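First, one chain by itself in structure tokens, the form predicted alone.
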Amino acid sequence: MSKRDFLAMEDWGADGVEALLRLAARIKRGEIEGGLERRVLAMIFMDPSLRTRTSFETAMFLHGGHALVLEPGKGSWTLETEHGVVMDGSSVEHVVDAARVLARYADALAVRAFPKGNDWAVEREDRLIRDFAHYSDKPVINLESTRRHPCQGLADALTLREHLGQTRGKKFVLSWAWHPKALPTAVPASAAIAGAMMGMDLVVARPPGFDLDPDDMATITRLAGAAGGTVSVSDDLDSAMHGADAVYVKAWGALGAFGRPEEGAALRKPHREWRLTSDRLRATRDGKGIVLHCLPVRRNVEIDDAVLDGPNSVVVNEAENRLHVQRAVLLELLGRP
């Protein structure tokens, strides 16, 4: 029987995502216990984590399983990710061998790896997470890669449903924010996919030059159309906020300057005021639009304190929902009949 990975929400289709959300809601209500006894999840973190690591370890414990954490270069061998190389440098073990061996020890693998190169045309292929999925004969879960963060996207979807009820036709603004660093596009792309799959009217508000990857936008548009939603793009943050039912704030870098930090910083510099303030929040529907962010957040840079700590903010609920949707994913992939 072929295994099933969780690399991107769209891979599971509308019915698959709906099933996960329904299962997550039941889990959150306390209706499901156990199901992962004697199951092992091996997590490979090539980048830092707070919510992802903690929530997955907790999820495995709550259902009777065990999670182990590897940080290549910190207690485990550094991994070589390129194919066909002569390994006479600092990398000790190849991802091909690591994936194959870990699959013999664990019932599923979970991998986090942010983009490291300088060429978006190469990085956008998301080769590392796909290599783990290819060489492991056990399910692989994407803990955030170059292009996708499906666990965050699922948590976003559950949060939107909890706070808005019927989501179809509701206005969802994905708002770019200034940041001192050029961050990856995996989270905003996944948030947009979540909104699109829920039939929302999505507005991507960003300054000129900060478009998401065109293939990702095509995917978002296709999913929105199938679910009865719409997609538009705006370079005017203030006008985009009008009538919003939900605002998702997230920084990301200019893909046209990918791998060139100084050029990227120059492109971001004129847009320092792109942040969510109380004044902008008042333009949402009746001033009650909910505010989401994946965390960690740069306070008073991306979102003002008054907004983050105010009644419209659902960021802590959103973070909690990471736990429940991941429990659903684990039970779906590994749960015993």
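Sequential numbering from 1, following the sequence displayed. The structure presented is a predicted model; accordingly, all values stated were derived computationally and were not measured.
Form predicted together with a small molecule: not shown, discussed below.
*Asks:* Do residue 49 and the small molecule come within 4.5 Å of each other in the predicted complex, heavy atoms counted?
*Replies:* Residue-level check for residue 49: yes, a contact with the small molecule.
*Asks:* Just to confirm, residue 44 within 4.5 Å of the small molecule in the predicted complex by heavy atoms?
*Replies:* It does not: once the small molecule is placed as it appears in the predicted complex, residue 44 has no heavy atom within 4.5 Å of it.
*Asks:* Even though the partner isn't displayed, in the predicted complex is residue 190 close enough to the small molecule, meaning a heavy atom within 4.5 Å?
*Replies:* Close contact is absent here: in the predicted complex, residue 190 is far from the small molecule, nothing within 4.5 Å, heavy atoms only.
*Asks:* Can you work out whether residue 40 and the small molecule are in contact in the predicted complex, taking contact to mean some heavy atom pair no more than 4.5 Å apart?
*Replies:* Looking in the predicted complex, residue contacts with the small molecule do not include residue 40, since no heavy atom lies within 4.5 Å.
*Asks:* Heavy atoms within 4.5 Å of the small molecule in the predicted complex: which stretch in 291-299, 64-72, 268-276, 22-30 meets that?
*Replies:* Of the options given, it is 291-299.
*Asks:* Would you say all of 112, 152 and 322 touch the small molecule in the predicted complex, counting a heavy atom within 4.5 Å as a touch?
*Replies:* Looking in the predicted complex, the three residues 112, 152 and 322 all sit within 4.5 Å of the small molecule (heavy atoms).
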